[in-house]
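Consider the single chain below, provided in structure tokens and representing the form predicted alone.
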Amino acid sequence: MASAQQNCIKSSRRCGKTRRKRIYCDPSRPISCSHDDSLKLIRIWMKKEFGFKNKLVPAVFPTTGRGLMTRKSIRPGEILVSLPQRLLITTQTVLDSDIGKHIKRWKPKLTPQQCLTVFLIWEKHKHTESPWFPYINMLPVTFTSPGYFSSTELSFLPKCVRLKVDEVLEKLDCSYREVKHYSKYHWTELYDILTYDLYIWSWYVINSRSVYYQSNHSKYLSTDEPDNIALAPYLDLLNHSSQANVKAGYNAITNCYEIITYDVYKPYQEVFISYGCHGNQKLFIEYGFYIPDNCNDVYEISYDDILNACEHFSVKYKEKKLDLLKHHDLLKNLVCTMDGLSWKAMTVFKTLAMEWRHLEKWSQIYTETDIFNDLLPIVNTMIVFILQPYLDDNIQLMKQLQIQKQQADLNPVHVEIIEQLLKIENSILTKTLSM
């Protein structure tokens, strides 16, 4: 989907005159993208080849960058976008294309995302000879996703984010090496043009701009991952808002991928969809952006953190307590927010702090809100033991980043994202530790 960090396209149009007074462009209002040749080309192409018409037009907004604006009022229940199925780029699109013969004999089989990634690389290479050129021509040339951060920049991320990013980048690197290795011996034309930079660009196009679309899983593709993604030209210009109330999916009656909104929009407002209830960690890792004041932001306490606390505090009946918590599925998704510890996290810490007399009444924890509050001093000590070092590390990272960004060649957009992720995590940790 369209990234919230895309550079704004500056308007060079002159402002007109009305009643002898010059009207200046209001920086708070959206700027039309009517002068953008790539966007004009895709709209002409979609209308001519697929009969696509839409009430939404591209514009640049002061806070979200490029997105889609409505020219008319929109009421709840209206269809925002209705995209003909033929305009979706699915794995079946790839298998039916001129490179389908290569994909079908690939060993080991490609995942659906690899399949789409390779297809996009090949179509980009064909340039104007590709039937998808108008779409590919309007795609971003770069992203603010983790794969575009330097190793120095990544080192300033909060530890828990950095660990998740490392896993994602390792997966991406492995995927690239698999495709490169196979193409070297079985598809030399692809091998000759394939670079890591090109692969990560294509990968992030698929990762950040695809929609959910359930395909019939082909026998030619790996079953390690579900085949449920598709590229949706033009629709992917819509930006994310966690407040957007929409329904999206394929309509078998109209043979279109449709997005229905249940929100109200006035003319010239930006129209949003929701990628889901994601915190900024997830939004950054998957899509390369963050949103201010995200109500879905959390700090996750890991299982290793729990084990370290058990060892440090010589928790009694440790194995029994952990088995009890696992049996009730209470050792997953342990988080704290700006409201403090979640109920699950508090329950885990109370359990770890219990004596045998408490454990005998443990089931009451589900029915009595203030049960076992005599354990709170021990619970608070455990919380400080786990969370304070992360807060201290983040404060040091922030100080080092302020020094480094004055001396090193760091991307200012990347630095802004890192600073925000650190501030968000610090706010949650500070709030939780103060309760």
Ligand SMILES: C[S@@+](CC[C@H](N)C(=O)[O-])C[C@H]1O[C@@H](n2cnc3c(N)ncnc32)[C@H](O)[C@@H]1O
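Note that this is a predicted model, so its numbers are computed, not measured. Residue numbers run from 1 along the displayed sequence.
From this point on, the text means the form predicted together with this ligand, which you will not see here.
For this ligand, fitted onto this chain by superposing the C-alphas round its site in the model of the complex, the count of atoms within 2.4 Å of backbone or C-beta atoms is 3 or more, giving a blocked pocket.
Using a 4.5 angstroms threshold between heavy atoms, Tyr275 counts as touching this ligand in the model of the complex. Interface membership of Ser208, defined by any non-hydrogen atom within 4.5 Å of this ligand in the model of the complex, is confirmed. In the model of the complex, none of the heavy atoms of Asp305 sits within 4.5 Å of a heavy atom of this ligand. Heavy atoms of His240 reach within 4.5 Å of this ligand in the model of the complex, making it an interface residue. Note on the interface: of 244-252, 288-296, 93-101, 326-334, the segment with non-hydrogen atoms within 4.5 angstroms of this ligand in the model of the complex is 288-296. Checking Asp263, Glu178, Glu300, Asp236 against this ligand in the model of the complex, a heavy atom within 4.5 Å turns up for just one residue: Asp236.
Only one of Gln396, Ser34, Thr381, Thr63 comes within 4.5 Å of this ligand in the model of the complex through a heavy atom, and that residue is Thr63. For the stretch 129-154, the set of residues having any non-hydrogen atom within 4.5 angstroms of this ligand in the model of the complex comprises only Pro140.
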